[in-house]
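In the block that follows, a single chain appears as C-alpha cells, in the form predicted alone.
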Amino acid sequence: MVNDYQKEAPGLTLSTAMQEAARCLLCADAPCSKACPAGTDPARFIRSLRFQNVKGAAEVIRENNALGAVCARVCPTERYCESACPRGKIDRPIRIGDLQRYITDMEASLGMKILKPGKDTGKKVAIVGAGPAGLQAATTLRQRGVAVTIFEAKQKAGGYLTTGIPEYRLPQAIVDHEVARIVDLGVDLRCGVRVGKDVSLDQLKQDYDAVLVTVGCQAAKQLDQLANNVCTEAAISFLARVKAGQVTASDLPDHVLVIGGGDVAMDVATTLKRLGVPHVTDVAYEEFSEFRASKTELAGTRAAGVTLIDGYQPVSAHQNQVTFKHRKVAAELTIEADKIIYAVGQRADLTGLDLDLQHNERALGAAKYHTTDPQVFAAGDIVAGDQTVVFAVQKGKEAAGEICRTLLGGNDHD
C-alpha cells in the first residue's frame, strides 16, 4: 500500500494560508478557542498568522498543545473549533485545522525550538504510557520544572498514534518529530518496559514522588456473538499489523466485513480498499445521523468505494456469516464474508497495575485524575471523557496540573 501524504493532502501554501487567515472575523469572544478541548487557542494563532507572525502563531500552539502538528491532522475540527466559528453562518468556517498544520509545518521546516523546561523543583514523576495523554503530561510537567520518566511497554512511543492511525492520515514522521521535541525537554523515555511486569508499580512509587498512569485503551472490546470465531480479527490488531508492514494485498480475501461506525472502523474499511480488497462492507449500529466517525473520515470511506450499511446490530454469527437486525424497523440481513473485522470500542488493559479504574464509565471521584491511591494519578482514555487525541491532550495537561498542585502546592499551576 503506497501512502504519499504530501501528494494526497498537500496542505496550504503561504498564499492560501494567508487568504484563509484573512477570512477570520477576529471575534472578541473567540468562540473557536472556547470550543477547543485542548485550549489550543485558534483565535490567537490565526490572528498572529494574519499579521504574518508565524513564530508567534507557533508559540501560541505549542504553549497549549505539545502535539499540535498531530492534532492539526487528526482532530475532528468540525465537532469543535470549526463548529463554533461564526464565519460558518456567512459562508463556511475557517479551515482551522489546515491553518494549524501550515503553522506547525513551518515551525518544523524553520527548526523552531519553542518548548523549554522550567526551573528544577526537585520533584520526580513517573508516567506509565507514551501515548498522547502521557506525552502532553510529560511536557507540562517539564515546563514546570518536574523531572519526568516515561515507561512505554511498546518499542516505540506514540501509543495509538503509532500503532493505529493509518499513514495516509498521520505520517509516522510527524509523530516521531513531536516525540523528539518532548524528549528534548529532558524527558527520560524508556521504551520496551512494561510496568506491572518489568518493573512494579510499587517500585515506581518508591522511586518517584508521583505516578501518572496513561496506558490508554489498547485492548479491543468484543461482541459476544463473535467470541472464539476464527474468521474474526479486532480492528486495532489489524491496523497495528498494517502499520508494522505485516499485511499485503495478497494476504487479504476478496470480501471483508467491517462492524462498527466510528473512526477506527472507517480507518479499517478505507485501509482495506487501499490495499486492494475488491469488496468491503461496513455495517454500523448507528444510523448516519448518529455516526461517531468524523465527517472527513466518513467521506473518505465513501470515496474509497466501501459499501456502508447503517442502523443494524449483529444478533448472531456462525463462522463467516453474520446476521443483523435493524434497530428501528423490521428488517434483517445476513452477510457472508471471507474475513470479519470488528471495531466496537476499546478498553484498558491494567494487568499488573492493581488500580481501581473503570474505563470511560465514571469520573475518578471528587478529585479529578486522582485514584484511590494518593500517590497515583490517571489520565487519557482510561478516565471518563471523549476518546480523541485532542481530549487526551486536555486530560494530560489537566492531570499534570493536578500533580503539580499536589507536589508543589498553591493554585498557580492550572
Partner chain sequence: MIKKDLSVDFLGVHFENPFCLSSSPVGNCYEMCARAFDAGWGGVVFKTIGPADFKVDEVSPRFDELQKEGTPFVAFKNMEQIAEHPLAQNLADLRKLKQNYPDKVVIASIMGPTEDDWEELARLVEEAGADMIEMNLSCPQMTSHAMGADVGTNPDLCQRYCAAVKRGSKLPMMAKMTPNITTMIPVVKACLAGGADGIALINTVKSVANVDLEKKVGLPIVNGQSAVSGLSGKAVKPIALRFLQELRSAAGLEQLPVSGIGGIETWSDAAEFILLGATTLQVTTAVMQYGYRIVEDLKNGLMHYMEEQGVDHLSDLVGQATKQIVPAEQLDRNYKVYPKIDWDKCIGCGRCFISCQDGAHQALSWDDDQRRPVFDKSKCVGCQLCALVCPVHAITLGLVEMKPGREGDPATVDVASQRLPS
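Numbering follows the first chain given and starts at 1. All values derive from a computational prediction rather than experimental measurement.
Not pictured, yet referred to below: the form predicted in complex with the partner chain.
Student: In terms of non-hydrogen atoms within 4.5 angstroms, which of the given stretches 344 to 352, 66 to 74, 370 to 378, 26 to 34 touches the partner chain in the predicted complex?
Tutor: It is 26 to 34 that comes within 4.5 Å of the partner.
Student: Going by a heavy atom distance of 4.5 Å, is G56 a contact of the partner chain in the predicted complex?
Tutor: Although the partner chain is absent here, G56 would touch it in the predicted complex, with heavy atoms inside 4.5 Å.
Student: Quick one: does A9 come within 4.5 Å of the partner chain in the predicted complex, counting heavy atoms only?
Tutor: So A9 does not count as contacting the partner chain.
Student: Considering non-hydrogen atoms and a 4.5 Å limit, does the partner chain approach A234 in the predicted complex?
Tutor: A234: no, not in contact with the partner chain in the predicted complex.
Student: Within 4.5 Å, heavy atoms only: does S48 come near the partner chain in the predicted complex?
Tutor: Contact check for S48: yes, within 4.5 Å of the partner chain in the predicted complex.
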